[in-house]
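The chain that follows stands alone, in the form predicted alone, written as structure tokens.
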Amino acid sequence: MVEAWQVVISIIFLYIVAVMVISYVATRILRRTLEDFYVLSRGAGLIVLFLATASTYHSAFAFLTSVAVFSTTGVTFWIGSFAWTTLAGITAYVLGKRIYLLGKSRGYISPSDLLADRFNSELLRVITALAWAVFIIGYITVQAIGLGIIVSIGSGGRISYEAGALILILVAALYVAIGGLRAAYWTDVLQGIWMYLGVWLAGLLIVYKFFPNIADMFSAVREVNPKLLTLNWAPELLAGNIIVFGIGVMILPHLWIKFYAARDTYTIKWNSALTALYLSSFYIPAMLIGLTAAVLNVKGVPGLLEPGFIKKLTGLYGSADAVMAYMIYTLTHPIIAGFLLAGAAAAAMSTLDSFLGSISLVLTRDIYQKVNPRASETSLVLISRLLIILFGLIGWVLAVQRPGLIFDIVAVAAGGGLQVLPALLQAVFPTRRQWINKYGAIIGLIVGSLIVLIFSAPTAKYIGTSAYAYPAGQASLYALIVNFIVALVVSQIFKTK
């Protein structure tokens, strides 16, 4: 007799086969140039760009850690997520349109191309590339964490967390290495649809399994923990998270280069609107699952979930991120569980592939090509492929250390990406007076990045390496303010002739 875990893993395996087939097809039309390998020869239409952008923005963060945070923070996370996903759409339009126009007219491929050209500074190019490389590692790591959780739970514990993470990390790294970000764009179309349908199906199935309607679910939440229905973040933490996830994520390299790939401004405009709608509505079913988890964590489900199961999962996986995957596996039919967990894997892999591609682009284009300017396009693509595999393995090594809640790691990574904002605004909104020059941009970026790294602490526990540590979103907001001040002051002291 076929066991439940075998059904679930078989469906996840079929999903893997599907993405590998798509990536193979992508290689058949791949041109051996960096422009095609990374920005799709600037020909991405609306559907491809929209689904690639939306699915890349949402990752293991949206499918796994959002449920964990909803179960402990409640509707606060919805208030924040609705605001930052709306801001993400605005950012994609306001900044994305200008990035697209500059990229198309001047042939930019990497994000640092734009900054180095606009500030006439190769040092800024290198510093930006190195800063991004540091923070992107965190984002790669959290996808590996999510993939390990999904495979481990989907196999009923028969495949270890470490092995599951390694298998899917290698799958993503291989299809990006083979087909470049062209393969990632195409697979993201499938993954964007799959994960969206999956989260809505999971939300409705789990809520209606235990409650006659959604109103009764909210009544049960009020009974077990009424604080979950109130705002639980301090204003400065809420504001920090909104800016970090609304702007910081959108200007990280994995999304920045998607603006270069757009076919035209029409595509940019409608991509922004559709992305905001997709992202904000995604968190509705995630909230339903998270609040249901909070109720079941108190009351339990005889024979299925014991009271306090979230604490047990936290001890096993190092964080509460496993809550959603565990509930799906435990509470739904194996065929449905397989589909839903494959959707969760799609959420992680659709971001992982873009980050692996973008980190290889940043290091190949902005560092290796500058050291070896005579390198051929073929050799540059080869170096890019090797870097994709290398950073996939680095992410896996860090993930097996169980570094903590995905939410906190992503907040640090996105907070680091946010520190490019002062330079970017000056670059894409040129004024008669140059408020920030290359010296200010470089020093501001370094100072802001260091503040994020040194003073960020977990959101749930205000514990860090410093007595003055803050939750990562809040620390990133303070870092950005200091970054702006430093950039402006340094630019006035060291004026460019």
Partner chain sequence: MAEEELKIGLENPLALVLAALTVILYLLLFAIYGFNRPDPTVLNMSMPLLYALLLWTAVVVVVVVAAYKVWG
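Positions refer to the first chain, counted from 1. Because the structure is a prediction, the values reported are computed rather than measured.
One more form of this protein, predicted together with the partner chain, exists but is not displayed; see below.
Contact with the partner chain, judged by heavy atoms within 4.5 Å in the model of the complex, is confined among 212-220, 164-172, 349-357, 374-382 to 212-220. Of the residues 206, 129, 287, 405, just one reaches the partner chain in the model of the complex with a heavy atom at 4.5 Å or closer; this is 287.
When you look in the model of the complex, the only residue of 224, 398, 390, 87 with a non-hydrogen atom within 4.5 Å of the partner chain is 87.
A residue is said to contact a partner when one of its heavy atoms sits within 4.5 Å of a partner heavy atom; residue 152 fails this definition for the partner chain in the model of the complex, lying far away. Residue contact check for residue 121: none of its heavy atoms lie within 4.5 Å of the partner chain in the model of the complex.
The partner chain is not shown here, but in the model of the complex it comes within 4.5 Å of a heavy atom of residue 428. Taking the partner from elsewhere, residue 329 is found to have every heavy atom lying beyond 4.5 Å of the partner chain in the model of the complex. Heavy atoms of every residue among 83, 97 and 234 are located within 4.5 Å of the partner chain in the model of the complex. Contact annotation for 228-247: residues with any non-hydrogen atom within 4.5 angstroms of the partner chain in the model of the complex are 229, 230, 231, 233, 234, 235, 238, 239, 242, listed in sequence order.
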